[in-house]
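Coming up is one lone chain in structure tokens, specifically the form predicted on its own.
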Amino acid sequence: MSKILLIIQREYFSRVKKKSFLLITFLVPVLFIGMFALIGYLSVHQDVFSERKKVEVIDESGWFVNKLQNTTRLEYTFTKENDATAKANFIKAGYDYLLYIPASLKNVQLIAENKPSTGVTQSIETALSAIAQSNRLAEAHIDSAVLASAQKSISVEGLQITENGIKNAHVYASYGVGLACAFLIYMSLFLYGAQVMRGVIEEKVSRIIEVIISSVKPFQLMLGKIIGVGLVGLTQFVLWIVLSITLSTVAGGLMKNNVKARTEQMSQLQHQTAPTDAGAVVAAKPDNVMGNVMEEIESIPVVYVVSCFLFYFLFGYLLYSALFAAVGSAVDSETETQQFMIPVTLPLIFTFVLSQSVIVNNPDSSLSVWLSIIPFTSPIAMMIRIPFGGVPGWQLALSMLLMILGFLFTTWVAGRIYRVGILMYGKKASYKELAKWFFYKE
């Protein structure tokens, strides 16, 4: 046991003391939160960073003259020139686009020197469609206000029965957290498992392993490497979680104060203006959206989700890294690992692909339940289901028990291959060869 602890200590501290580890550990949460904050800011204020485009319009139908309203992105100017003349001269005249609307309203053209952007195209399509619909309704003597009222969509609020009564289910927050946890586990199993495999290959190729094996048993070496690298990953994730929660709490507090202040300002403005003031209503929407986002985030049971995440990360890693170590011991270079990596990683890839459609949309289906119980697929499938709640205690307990048993079993299998493969040089291993190594007697 003391030898295993020494190996764990060496693997752990040799990685944790690296400047790259410290840099990544402390910078990643800041960079991620900063990145999402910047994305949100740029999405809301995208008009500030884009120039207003000038659009020359030829309207042969007569439906859109003086009805296409200028926006922060587009400025419309109508012309009576024929289409051939306008097409030849609109760039020289200082326009970015030429919008040609034939009398039949078919084959409407948006012409530019370069390819028109999808954003501009969709904005013009939306504006033209709204005006055309209004005109058609007027021709049919249909009141557009009555039609709009009849077409008003119905929103459905998802609710959940809890011990404290009926509460908002916050489905979108569960959806996002589930996919995020599944993605993190998926990436971490590959990342840290590959570190174990590369470490084994490097020691084998450099022949250092021959010296180490003279002092410790192969199984002890393999187990020490697996646990040591696993603790590195666990340390990194714990620090990421603590830093992310701290930074998110501070950012959330500042955001709440900002939203509260803006809401109070809008409330005062609405008292001073008419109830039908469209500007006040539109301006209030971002605050309502931001408040809803904060409420969704706060609805997640952080301690429960984080605890399950750390468990499934740790034992998922231990299970797969044992197989990665066996693969590393069977080859002489990283390029030779592909034939063995596909069957090892296929359950992870299969579950991750399903998690984005089947599992996240049907977390309680029989397929989702079985995938969350089978050890090779449960780290991803169960972390999709947990944020949605409703996972029976017996399913969670059974899944965790099988994860532990799966780790012990794969470590035993990998250990029998590792003890032979680690000292095998110059021979390309096959599945038949691995089977022989497994049945070799001590």
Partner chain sequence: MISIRHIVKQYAGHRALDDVSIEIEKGKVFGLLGPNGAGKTSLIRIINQITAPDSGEVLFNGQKMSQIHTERIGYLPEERGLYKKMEIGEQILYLAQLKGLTRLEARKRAKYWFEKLEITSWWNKKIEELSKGMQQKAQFVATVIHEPELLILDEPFTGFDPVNAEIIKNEILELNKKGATVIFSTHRMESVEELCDSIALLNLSKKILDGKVKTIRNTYRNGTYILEYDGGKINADGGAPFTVLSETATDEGQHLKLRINAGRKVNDVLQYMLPLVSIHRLEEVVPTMNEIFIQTVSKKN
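Positions refer to the first chain, counted from 1. Given the structure is predicted, the values throughout are model-derived calculations rather than measurements.
We do not show the form predicted in complex with its partner chain, though everything after this point is about it.
A heavy atom within 4.5 Å of its partner chain in the predicted bound form is found for exactly one of Ile208, Val353, Leu147, Ala138: Ile208. Exactly one listed residue, out of Ala132, Ile213, Ala194, Ala86, brings a non-hydrogen atom to within 4.5 Å of its partner chain in the predicted bound form: Ile213. Although the partner is absent here, Lys428 is not a contact residue: none of its heavy atoms lies within 4.5 angstroms of its partner chain in the predicted bound form. Residue contact check for Glu202: one or more of its heavy atoms lie within 4.5 Å of its partner chain in the predicted bound form. Mapping the unseen interface onto this chain, Leu423 counts among the residues with a heavy atom inside 4.5 Å of its partner chain in the predicted bound form. Its partner chain is not drawn, but in the predicted bound form it has no heavy atom within 4.5 Å of Ala435. Shown alone, this chain has one stretch from 94-102, 359-367, 117-125, 215-223 that lies within 4.5 Å of its partner chain in the predicted bound form by heavy atoms: 215-223.
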